[in-house]
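Quick setup: one chain, the form predicted on its own, written in structure tokens, and binding and motion questions come after.
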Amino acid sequence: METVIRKATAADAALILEFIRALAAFERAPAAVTATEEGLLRDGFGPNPFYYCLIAEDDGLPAGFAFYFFNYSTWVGRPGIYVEDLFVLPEFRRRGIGKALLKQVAAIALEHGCQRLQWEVLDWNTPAIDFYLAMGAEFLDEWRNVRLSGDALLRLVGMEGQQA
């Protein structure tokens, strides 16, 4: 079986959304997805994309994806890559596809002078945790994720009652 990792194109927007929904179902939050195909097209395939995506195909069948964007470390003074999503469909797991996707993101990072990759993993996802540990990933347990969204975000800028 041959695995191919390729850059996503605008024609992949529906597939990317399918992967996002499958990941959300795996993470026990299928109703949390509000992304749309139109939004993915707008935000990932214009002149200044907010994200990038790789698609893994196994014998020509869509098998998984890596969804990422560039960030910047003020302490290191260099760019990095944040991997928002890394997902392989269950029927394609244990074939090295997840590692191939992450390896390609790492190659892109080095090509752009990035010093690191960063991502999050749910604390109950022990197969993924073991996978990342086996690659030498470092867990930053002393750092806490912080998010401001929805009404709280609107309140911060004085836009209560509007839609973000």
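The structure presented is a predicted model; accordingly, all values stated were derived computationally and were not measured. The numbering used is simple: start at 1 and walk along the sequence shown.
Form predicted in complex with a further copy of the same chain: not shown, discussed below.
Using a 4.5 Å cut-off to a further copy of the same chain in the predicted bound form, each of Asp85, Leu110 and Phe139 places a heavy atom inside that distance. a further copy of the same chain is not shown here, but in the predicted bound form it comes within 4.5 Å of a heavy atom of Gly39. In the predicted bound form, a further copy of the same chain sits within 4.5 Å of a heavy atom of Leu153. Remark: Leu61 does not count among the residues lining a further copy of the same chain in the predicted bound form, judged by a heavy atom distance of 4.5 Å or less. Of the heavy atoms in Ile97, none are within 4.5 Å of a further copy of the same chain in the predicted bound form.
Contacts between stretch 61-94 and a further copy of the same chain, counted in the predicted bound form as any heavy atom lying within 4.5 Å, involve Phe67, Phe69, Phe70, Asn71, Tyr72, Ser73, Thr74, Trp75, Val76, Gly77, Arg78, Pro79, Glu84, Asp85, listed in sequence order.
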